[in-house]
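We begin with a single chain expressed as structure tokens, specifically the form predicted on its own.
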């Protein structure tokens, strides 16, 4: 999810924050607060002045207890991307801890302490920012804790701190004496924290960048002990489902709940502004009751257009100039003087997120407190939504973040839709017991919040010398930001999420123009893994290959020629091509295709190898991926994210689509919506560029290049370039 790259800096507050050390009730110490001063105990409180630092803070992230456990407080949601491992590894590295003593826990919802540093005063996860925004923050926290332990040991032994080292979770003196962290925890809590903790030189890293950091959540997940929202069980808990209207924008006229209330185990049927909720003793009972509800919907304001209607409107819009977001040189002059031109148009359907764990939230409103359990992707938004619904202050709203069984952006909703459903049902019920609200798969598939459909047109000019002299891209799509609390982030004429990855095209083309239209459609949309990059990468890279083809240029060499000012793009492209054996002869029924793309400050190139049969059916055999994401904190996690992102991207181009008929979504479950199946997954080979740059994102950048690499490989056999998605399982042979 990419939204918060456009959020401005936090409100003007002093950047001089205080580092405090607070005692944990005799149970060790924590690196203290960053915004709200905490009480300081012991000698530090008596003798130490407040230490100001020009940092976003060290605090609230590390707990060391006398049992020698080091717990890292994770401010981000782990939805499978492995941040519990990566963030813990950063602390362990600077702390010189043993990996075996490392533990983690999700942070509470508190943006004053746990905000995403890239987003301003907002706590949340998205835009592949978890490692990147936490990198220096957690390194400083770990280094500060290490220095506190050394200071405590030096006083205990009455020796110079210079004679003390830390390794594998032990604090050691040159004489051979040593302490565990746990043995020093309470003493360290009384020390004055360092203002500028000394960080390691990356050459000294012993954990970061090494392949031997096992995922810290593997054991509990493989043993079924990991806690997802769907696993939450609380005393007296009831289950709830909701019936949403069949068309977007409808509201309730009347509800006949007679038949539903006759079903044993049904407690209540409640009306909410978003639909009809059913509360029962079990999920199955609630579903059965929902099926017999009779609801009369007011559809006076609903969206009734079909996909075919929308495509016609999008194509009509594309005939007119849109808001211009990039305009280099003189495109019109270049086209007027062109020797020839090349044109293509691309169609991208709506896409569902199709997470494995259905959307769900458990909520309890009891007196003047509200507590929820959910895979919260933006805790600040969820907390604010609950405060608005309940009328309670934020301090009385507790968010218990759970593991999430996937998200891909779906849990980062500006209006917290599924959390809102749970809260509205609980409030309407008047019950003070926990209520576990869960959407059915059909609710999710038909509930909107899709990757928006998009239509692209391209035109390129080739001059009389055979050079690519002009490039024009036009995009028609819905705005993700318009009409949301983040509309102010649109600084230009068009929502930048529509053209991202297009208006940032890295190829050196003297005359380049990108413009776009914001289509007005009543179908709710949402950021989807890599957001606008998903369709812009496909369209630009497939069109680029078509230009190379018309010039009889090798696609890799042609790209490298125009990437002379972008060494990191060129670096991954060269690496992927080399590892894939680009240029080596293949059997007659095989071909290769390439794509390179930057998103979330990471650079990814992929080479796809496909086999095409005589009837046009095909198989993606292998994808070789090269990624430059700065310092590779946890290489195994990076490889896993590239693999997952590639699979996600392939599903989108091969089989997935949401279609609309008379305003109603036609797909409902995995029998008619087709994410990538395991049997169709290609072999994937990932190569990580060694880098000294700060870490950047990996959750999303693997997705955009996968589709165009495959489409470009298939172009060798197809009658024309692939411009309408999904591709399906056959192509028209040339």
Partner chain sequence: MTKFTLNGKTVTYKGDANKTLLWFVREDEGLTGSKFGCGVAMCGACTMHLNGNPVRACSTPMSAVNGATVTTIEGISSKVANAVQSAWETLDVVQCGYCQSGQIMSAVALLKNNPSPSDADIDSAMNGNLCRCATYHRIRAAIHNAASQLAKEA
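Positions refer to the first chain, counted from 1. All figures in this text were calculated on a predicted structure; none of them were measured in a lab.
One more form of this protein exists, namely the form predicted together with its partner chain; it is left out here, but the text below deals with it.
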- Single option in 551, 489, 631, 440 placed near its partner chain in the model of the complex, where near means a heavy atom within 4.5 Å: 440
- Item | Interface residue in the model of the complex among 395, 218, 168, 617, criterion: non-hydrogen atom within 4.5 angstroms of its partner chain | 218
- Distance check, residue 234 to its partner chain in the model of the complex, heavy atom within 4.5 Å: no
- Query: Hey, in the model of the complex, does residue 283 get a heavy atom within 4.5 angstroms of its partner chain?
  - Reply: yes
- Query: Any chance residue 212 has a heavy atom within 4.5 Å of its partner chain in the model of the complex?
  - Reply: yes
- Message: Taking any heavy atom pair closer than or equal to 4.5 Å as contact, tell me whether residue 224 reaches its partner chain in the model of the complex.
- Response: yes
- Sort through 675 to 683, 66 to 74, 688 to 696, 704 to 712 and report the only stretch with a non-hydrogen atom within 4.5 Å of its partner chain in the model of the complex. 675 to 683
- Message: With its partner chain taken in the model of the complex, which residues across 634 to 661 come within 4.5 angstroms through any non-hydrogen atom?
- Response: 636, 639, 640, 641, 643, 644, 647, 648, 656
